[in-house]
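In the form predicted alone, a lone chain appears below as structure tokens.
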Amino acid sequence: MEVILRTKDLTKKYDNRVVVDNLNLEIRKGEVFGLLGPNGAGKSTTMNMICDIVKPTLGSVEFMGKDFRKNRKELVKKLGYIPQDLAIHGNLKAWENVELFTSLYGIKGEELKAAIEESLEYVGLSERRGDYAKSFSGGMKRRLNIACAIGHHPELLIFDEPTVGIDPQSRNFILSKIKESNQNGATIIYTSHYMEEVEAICTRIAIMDNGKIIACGTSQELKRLVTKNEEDVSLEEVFLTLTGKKLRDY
């Protein structure tokens, strides 16, 4: 299967603290790739380096066969990033937020108008298009955050902890939309410290802790690392065995 994104020895240090340690990942086109780990594992820093928001100390990111940093202007148009911290403006209306972020990719005129309407409809916010973002609930803000990242129809979507601090209904809605985006052709990278989310939607999963990848494979492959009968063990037990930690402690 074609590799759409590859990290090579990706490393990030702050002073003497190693946050991401020599990370080598391959993301295959069309998959939902889950990055599972506790808070502080290095997931968000990894995503920020992939998107060239944070400069790596060492290593590189290859996207669609090209060095991302050297070809950023071309490649960024094929990437959509939904950060953990909300990237919306409370004093702008919903449609104005989508317009602002979509227009950054050079989309204008009727194409821009259509992209705004399509994005808001996709996340279920068409009826609230004229409301200010600051009036939205936490779940609605998360959905608007997604709308702002998909208007340019990216081929790779990165979701960094998109369900943190929201109600179960909003969480289920977001997870269903991630599946739908994948079915529509987008490759997905999904980071989380919620075990059940990752297992429910991801085709492959990497377990990350202390800046390193401990193991990578399908849910079944990860379970077979610790037992011959995968039905006898949960993914949470796999995590505990491989890291010596309980994910729920974080």
Partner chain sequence: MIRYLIKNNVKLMFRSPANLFLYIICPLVVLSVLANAFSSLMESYQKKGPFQVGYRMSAESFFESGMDMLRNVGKDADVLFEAYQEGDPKELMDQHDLKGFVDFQKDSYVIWTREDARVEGQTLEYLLNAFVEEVNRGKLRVMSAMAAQGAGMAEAAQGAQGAGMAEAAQGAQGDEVVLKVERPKFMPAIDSTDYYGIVEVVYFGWCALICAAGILGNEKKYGIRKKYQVAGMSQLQVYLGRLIPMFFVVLTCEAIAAVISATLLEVHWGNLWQSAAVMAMMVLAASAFELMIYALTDSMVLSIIISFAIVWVWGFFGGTFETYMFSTISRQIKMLSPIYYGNRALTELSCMGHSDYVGSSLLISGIMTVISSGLAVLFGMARKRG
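Note that the structure is predicted; figures quoted are calculated from it, not measured. Positions refer to the first chain, counted from 1.
Keep in mind that the form predicted in complex with the partner chain is not shown, yet the notes after this line are about it.
J.: Work out which of Asp85, Glu121, Asp167, Glu74 lies within 4.5 Å of the partner chain in the model of the complex, going by heavy atoms.
T.: By the 4.5 Å criterion, the partner-contacting residue is Asp85.
J.: Pick from Arg171, Lys177, His153, Lys93: which has a non-hydrogen atom within 4.5 Å of the partner chain in the model of the complex?
T.: After the contact test, the surviving option is Lys93.
J.: Is it the case in the model of the complex that Ile53, Leu104 and Cys148 each bring at least one heavy atom within 4.5 Å of the partner chain?
T.: Contact check passed for all of Ile53, Leu104 and Cys148.
J.: Answer for Ala114 alone: is it within 4.5 Å of the partner chain in the model of the complex, judged on heavy atom distances?
T.: So Ala114 does not count as contacting the partner chain.
J.: Please tell me whether any heavy atom belonging to His89 falls inside 4.5 Å of a heavy atom of the partner chain, as the geometry stands in the model of the complex.
T.: His89: yes, in contact with the partner chain in the model of the complex.
J.: Although the partner chain is absent from this view, report whether Asn48 comes within 4.5 Å of it in the model of the complex, heavy atoms only.
T.: Asn48: contacts the partner chain in the model of the complex.
J.: Flag Leu79 as yes or no: does it have a non-hydrogen atom within 4.5 angstroms of any non-hydrogen atom of the partner chain in the model of the complex?
T.: Residue-level check for Leu79: yes, a contact with the partner chain.
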